[in-house]
Structure formats: C-alpha cells, structure tokens
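As a starting point, one isolated chain is supplied in structure tokens, in the form predicted on its own.
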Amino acid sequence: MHRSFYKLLAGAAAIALSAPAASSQELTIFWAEWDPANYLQELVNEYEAETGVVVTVETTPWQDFQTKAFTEFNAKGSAYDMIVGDSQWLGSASEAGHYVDLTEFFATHNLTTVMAPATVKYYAEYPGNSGKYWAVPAEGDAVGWSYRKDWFEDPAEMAAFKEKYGYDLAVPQDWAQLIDIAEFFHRPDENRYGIAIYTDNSYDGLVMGVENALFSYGGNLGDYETYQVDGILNSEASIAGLEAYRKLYGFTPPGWSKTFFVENNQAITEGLAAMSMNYFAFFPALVNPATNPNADVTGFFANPKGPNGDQFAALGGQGISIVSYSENQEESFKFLEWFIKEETQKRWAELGGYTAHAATLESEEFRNATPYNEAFYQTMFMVKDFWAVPEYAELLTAANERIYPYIVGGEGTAKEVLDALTADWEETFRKYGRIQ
C-alpha cells in the first residue's frame, strides 16, 4: 500500500533530522492496536531523533480501547499525554473536560484549511458548527469501494450490459448505476453476486454503510447544531437513500446478514462479488497478491453520487487530542506543531498513515502512489459522520434496532423505519435536555 508511496518519495521527501538534543522529556500517545499505530511509532521515532523527546505510542486492542481510555479520563489520570480518539468521542470527551481546547491552536496554524475541511468538521469540531476544536485530524479514513476490473472489462459482459441497460459498463458514476451493476452481476446459479455491503448491527457497521446511501441521496441524520431530527432524518431524500441500500442488499451473497470489513474484503478475495464496500484502511490487503489472489484485477472507486448530484461518504478514522490531565501539555503542543507540518504529513503518508493534510492529499505523488489513493483523495473532501454527542451510543443502538429488520428482513417501509427512529432520537435528546 503506502509502502510503495514510501519508496516513491524516499529521499525526495525525507524529513531533515538534526542531532538529538539532550532532554529527558517523554510523551505517551494512546491508540488502538493496529498497523497505523505502528506507522505512528515509526514517525515519532524521527521526532525523538530530531528533538530528543521520547514519544511512545501505547496501544490496546480495539475492543478495549474506549473502555481503557475513558477509565483513565474519568480518573483524571496522567498516563496519556495525547490520544488518537474516535470522532464520536468528541462530545463526551470535550464536555467532560478530558480534552484540551485546541481552538486557538487551530487559528494560529490555520488548520481549518491546512487539513481537508471535511475532516476538520468531523474529526475536530464540537459542537457542530461551533468553531471549537478538540483534535487534529490524524488518521483519515472513510468508506470506499473495490471492484473486479476483469469482470467489468470483459467484452462479452460489456456487450450484455449495454444491451440490457443502454449504457456502457464502467465504474458507477451514481447510485442508480451502482444498483444496475449489482443487479447485472448477481448470478446465484454461478456463485457470483452483485455486491457486498455492511450489514453487521453490533456497533456502527450497518449504520455507516447506510450513511453512504442516505447522505448521497441528499438525506441527513439531523441538524448537529440545533438537534432537530424531524423532517431531516425522515425526509424524502433520507427515505430514498435507505430504500436504495435495501435494494443493494438483494444483490449480496447468501448469508450476508451480519457482515463487516472482514467479510467484505473476502467478497473480493474469494471472487464472490463484483463490488464491495469497505474502509480504505482495509484496502491494502486487496492490492497484496499474498492476501488477494485477484489483486491484479481489483480496482477502486469513491462512493458515487446520488440522484441529485450529492456525493458523500461515511467517515472513519481518528483525530489526535491533548489529554487535559497530561503533565506535559506544553511539550504536547510542540509535538502537534511538528505533526501538522507538510513535510511531516508527507512522511506520515510515506510510512502508511492516512493523512488528512490537504496539500499532501492533493499531490500527484500521493494520488498515484497506490491503486486506491485517488479514490481516498476524492473521498476525504466529501466525508460526513454520525452524531458526536456524548449520547451517541444510545442513538446508534436505536438506529441498529430500527434499520436492521428493514434491511435484512424487509420488515416495514423505509418511511416507517425513519419516522420511528426520529421519535427515538427526539426522546433521547429530550432526556439529555438538548431539545424541549
């Protein structure tokens, strides 16, 4: 993946390192246990070489990440100086005083434009549209699509598709084409299926999958500034988006009622589906012949437009925040000043990190570094996220309970589902005093 980008830019973009300075200063960054945390440790080793400040990236398994972080926060512990926290933590962590306010830091360094604006909005700002910032976009991620290029480019398939639908078979430009192509390749008698989408309702898989349709059809989850939901979540546009997602489910492989990122990559590696939804963070495995026998015929594209030209994708990834209880806040600010530099962000991308730095994303070097970087670049300027309020878990639970039976079981209508969910969310917001 980005390793090739690393090779491409090695030497040209390497960060100039000065001799280590004498210092006993140490910083600890807390993150979940996955490859990007390893890349970050490689990056901060260079900060140590440059400044003498020892930075340790401490990790824990994903399933323990939130619990361990908030246990330390609630104890006002100083074990962590910075944390690469999930975007949906912004509300709970900032309202409880766990994160240092970075609003002045953002203004000083013009971060609302230095970083891709959409990533600032969802990784950093809380409340919505408040101009208050609590994290620097660090590990960008979002949902994109992989597809079987050889199926799409087969002359017989292209001719058959053109005859049936009246236009050329190619990467879908909108959701209508996405649905057509999924239908075209859906051939259960050949053990070949149209599409793989998220359906797992254990956490945020299903909801994030639905968001890609709902947002691109012009719908929204509500007004993040006023907490208005009625007329937005259950709008005609949102209803159409949910109906589109339900339609796609009809073209998934059998048994696709509890699937997330692992199964969606398998849909491509095992030759099950023509197209598959997934976070960009999992696409490196699809370009590696060791993990995907179809690597040389796998392509990628950004979430397509909706019927009225709206084009958005569900956000993943995390921002980096300074913990309020850190005894090293001044040094942490110095680290963030180094982290946001363009040369550091280029190096971050070289090592494998998914930068949210606008200039780096826009560079030809980055966009051409992997088969999926162009789609990632396009996506990071059009992301949208779930509610980041402290009660986001209650909202997510209600969404799973309402949406899942409709998507996988065909129960009720999209309007009934979203009307009911609107009532659920309004009740939650009344309970927490956000609306009357």
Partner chain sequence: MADVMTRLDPDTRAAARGLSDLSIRNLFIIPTIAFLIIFNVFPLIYSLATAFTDYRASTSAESNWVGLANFRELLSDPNIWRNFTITAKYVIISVTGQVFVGFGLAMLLNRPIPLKGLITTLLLLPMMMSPAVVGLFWKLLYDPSFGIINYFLGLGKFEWLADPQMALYAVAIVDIWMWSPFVMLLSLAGLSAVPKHLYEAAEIDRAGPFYTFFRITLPLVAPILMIAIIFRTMEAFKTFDHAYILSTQPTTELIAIRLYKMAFLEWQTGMSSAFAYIVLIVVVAITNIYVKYLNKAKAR
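Numbering follows the first chain given and starts at 1. Model, not experiment: these values are computed from the prediction.
Although it is not shown, the form predicted in complex with the partner chain is what the next lines describe.
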* Asked: Looking in the model of the complex, is the partner chain within 4.5 Å of a heavy atom from each of Phe70, Ser257 and Glu401?
  -> yes
* Should Pro390 be counted as a contact of the partner chain in the model of the complex, where contact means heavy atoms within 4.5 Å? -> yes
* Val53 near the partner chain in the model of the complex, any heavy atom under 4.5 Å? -> no
* Asn328 within 4.5 Å of the partner chain in the model of the complex, heavy atoms -> no
* According to a 4.5 angstroms non-hydrogen atom cut-off, is Thr370 in contact with the partner chain in the model of the complex? -> no
* Asked: Since the chain is shown here on its own, which stretch among 275 to 283, 292 to 300, 131 to 139, 73 to 81 would lie within 4.5 Å of the partner chain in the model of the complex, judged by heavy atoms?
  -> 73 to 81
* Which one of Ala37, Met382, Val408, Val44 is close to the partner chain in the model of the complex, taking close to mean a heavy atom within 4.5 Å? -> Val408
* Of Thr28, Thr59, Gln378, Gln66, the one that lies within 4.5 Å of the partner chain in the model of the complex (heavy atoms) -> Gln66
